[in-house]
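For reference, the chain that follows is the form predicted alone, supplied as structure tokens.
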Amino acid sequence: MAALQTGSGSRPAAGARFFCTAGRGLEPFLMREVRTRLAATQVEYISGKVFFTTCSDLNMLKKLKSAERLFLLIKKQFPLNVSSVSKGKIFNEMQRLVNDDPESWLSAISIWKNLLELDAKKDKLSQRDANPLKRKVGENDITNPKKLKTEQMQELQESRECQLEKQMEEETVEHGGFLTSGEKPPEASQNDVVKAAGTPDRKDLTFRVSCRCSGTLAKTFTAQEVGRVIGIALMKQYGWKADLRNPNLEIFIHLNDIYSVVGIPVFRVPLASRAYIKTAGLRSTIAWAMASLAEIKAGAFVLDPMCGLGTILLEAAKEWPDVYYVGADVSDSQLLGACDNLKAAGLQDRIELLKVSVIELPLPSESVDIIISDIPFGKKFKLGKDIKNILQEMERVLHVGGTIVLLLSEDHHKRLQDCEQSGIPLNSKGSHTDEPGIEKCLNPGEKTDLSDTVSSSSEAISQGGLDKMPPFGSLVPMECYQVSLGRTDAFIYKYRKSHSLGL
């Protein structure tokens, strides 16, 4: 399904189609977020990606917290057939992604250009408002820098043209170098992008193809080969020029055994890269997801008794203000890092840090509304058999009806099971597949058998004994999500305190 044409005003027209990449297991959080924050419709998912339609502008799109990257959708269709013996036929199938529906490409480029133009105009207006009075300068003060800038731009343009010609001859023909996998070359400024995209035939656009292949196709072709084929098709079809180092436009393509997806990155910097976090600890998307699960309300007392670098508290405080946040840790180095992060984010006055042990919290019983914490299980910071004592202390300080959200390893879960002889099955709220209106399919409006094969790791844990959590005192398990931390998996558990410990 192609994105539709833009309308006038500050928003894309109804029907502009986007997708976000998400860490495995975070799809349900992202689906809820795009609905709530962007009033998104036609929300669908496949493993690692969430598709949606929205009229929101760039300012709102930038606020997505559970997504890794945001893309404007060009195409989403069935996987390429790689059963053919001939590589040439498979290459032709790849080129059809570009050639079969040029309207989808041109429409997406128009929407992309429109979004950037509107954002650039807003930036100019905000800069003008911020500097209403400018001193008058002499003619020489203006002419000389302009002349210098013009000469620099001419030299840059000549250098770029030479570079492109050499690149076309050496990389495109001989090596198929339309892809720089894993590299992060310098990017063109947004003004350059808007200017290039605004040309009538858009032939001044330069581009780079970023390709990801997995499954059967990855065993037959390299990402470089696919990028070369797609790149040549784009040049022939639209007259664009390849530029690996400084492109106006990046084309993202993901091919596997289940789907083929093509899109344009809306932002150069991933949404998951938080500018307000100085030193990264827990993945920011995971931290935000945990905080969103806690149902934080204004006036609440929120505690992270093992705060580390304070990532969870930072994400929560940015999203839910007017809350009393406290972070505790026994490590001086972690607390110093957390303090630096709070200062960098401008939140040092909203989050209090304490050096205390999680099993000896200096807080009255039933004084905390919400506890959110990442239970350490890495190589540097790791808990062993103390998990039972930790939960007991958390249970003590939490008031009746309060919520605990924890990130646990599988080992932690097993230790908890060993502490109890029986288990309670997860509440039905822990299932993500019953969320109303969320479809798991490849193409909107199409009924296919793919829903059986496109599995998502965001489903509630229901195997290997992970569908149970021990009845630990008054803490009742509410929801459970398996999420990816990269090389390992973890489990987000949500509890609610059902009664006072004295009962």
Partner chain sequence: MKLLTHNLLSSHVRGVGPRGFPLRLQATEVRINPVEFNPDFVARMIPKVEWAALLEAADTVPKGPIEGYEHDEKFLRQMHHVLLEVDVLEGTLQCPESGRLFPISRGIPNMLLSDEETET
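This structure is a prediction, so every number in the text was calculated from the model and none was measured. Positions refer to the first chain, counted from 1.
Beyond the structure shown, there is the form predicted together with the partner chain, which is absent from this document and is the topic of what follows.
Partner contacts here mean any heavy atom within 4.5 Å of the partner chain in the predicted complex, and among 273 to 281, 364 to 372, 236 to 244, 311 to 319 they occur only in 364 to 372. By the criterion of a heavy atom within 4.5 Å, Gly299 is counted among the residues contacting the partner chain in the predicted complex.
Taking non-hydrogen atoms only, Asp257 never approaches the partner chain to within 4.5 angstroms in the predicted complex. Residue contact with the partner chain in the predicted complex: His412 places no heavy atom within 4.5 Å of it. The shortest heavy atom separation between Glu103 and the partner chain in the predicted complex exceeds 4.5 Å.
This chain is displayed alone, yet in the predicted complex one of Ala344, Val356, Ala218, Val400 has a heavy atom within 4.5 Å of the partner chain; that residue is Val356. Between the partner chain and the residues Leu408, Cys213, Val323, Ile109, the one pair within 4.5 Å by heavy atoms in the predicted complex involves Val323. Interface residues of 275 to 294, taken as those with a heavy atom within 4.5 Å of the partner chain in the predicted complex (partner not displayed), are absent.
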